[in-house]
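Next comes just one chain, in structure tokens: the form predicted on its own.
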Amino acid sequence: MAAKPGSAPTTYSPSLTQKTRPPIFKGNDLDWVRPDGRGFHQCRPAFFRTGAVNSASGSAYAEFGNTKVIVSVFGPRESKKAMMYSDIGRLNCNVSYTTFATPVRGQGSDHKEFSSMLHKALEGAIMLETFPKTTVDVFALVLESGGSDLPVVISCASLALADAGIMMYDLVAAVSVSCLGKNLVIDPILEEESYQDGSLMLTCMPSRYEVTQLIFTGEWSTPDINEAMQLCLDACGKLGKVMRSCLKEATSASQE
């Protein structure tokens, strides 16, 4: 899916607050760079577009390098569990992959773990009390898996919720970092994720500077966790500006 005329992916990266770490490899590989040529602390260009699915209450499409995601939001609509009164709304999330999303064809399926993480990342940002006894359904589909899939899904879903007019405290931006040897690389691609020693994903509401979810795997030292979190928070703040810019452009276009 190509960008609209005049639109272009926006580059965002955290500010470097510390000296660049030494490269992973020794000897003849002192000039080692990431497979796509980015610096260790450089994020992929991000492209967003709202209104990607006409039949949905709200929707968004996101493209970060080779990672392509589309999210549809339906509701608020009467909850199937309406007989059980609730003074707050319900949020249902589902993440799935197309059969051609991954390098090994035919592996596309529902991803329950990602669905649960998406729910947790978004729940704290939505004003659930504004739609009691009703449900909002979020369906995320990964069209192409190019690495950092879940952070892209979460950011895209947040934008789709805003497009649907769901009341939120703030947008939710998500960024991940991989630990590769002695190096921390932000917004890893699929190849980097395949041989990472550990990963950390942070989701937050940028304008409120509130973390909604923090997940890390592997063994991390305290200094590395602190550095990775700061990188993610800084990048989330800049990604949030890109997302808000997308919403403003969509609003301006609809008023013309």
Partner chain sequence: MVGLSVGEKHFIQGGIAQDLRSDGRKRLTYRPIYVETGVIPQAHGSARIRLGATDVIASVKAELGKPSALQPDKGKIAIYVDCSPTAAPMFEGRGGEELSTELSVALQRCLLGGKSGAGSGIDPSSLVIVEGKVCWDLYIDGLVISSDGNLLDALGAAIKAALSNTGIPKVNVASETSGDEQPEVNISDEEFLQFDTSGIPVIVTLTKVGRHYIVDATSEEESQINSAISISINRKGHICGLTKRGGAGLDPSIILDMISVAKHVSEQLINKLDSEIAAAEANEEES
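All values derive from a computational prediction rather than experimental measurement. Positions refer to the first chain, counted from 1.
One more form of this protein, predicted in complex with its partner chain, exists but is not displayed; see below.
- Although the partner is absent here, Leu233 lies within 4.5 Å of its partner chain in the predicted bound form, judged by heavy atoms.
- Put simply, Glu113 is close to its partner chain in the predicted bound form: some heavy atom of it is within 4.5 Å.
- At least one heavy atom of Lys120 is located within 4.5 Å of its partner chain in the predicted bound form.
- Its partner chain in the predicted bound form comes within 4.5 Å of no heavy atom belonging to Pro45.
- Along 205 to 238, a non-hydrogen atom within 4.5 Å of its partner chain in the predicted bound form is carried by Tyr209, Glu210, Val211, Thr212, Gln213, Leu214, Ile215, Phe216, Thr217, Gly218, Glu219, Trp220, Ser221, Thr222, Ile225, Asn226, Met229, Leu233, in order along the sequence.
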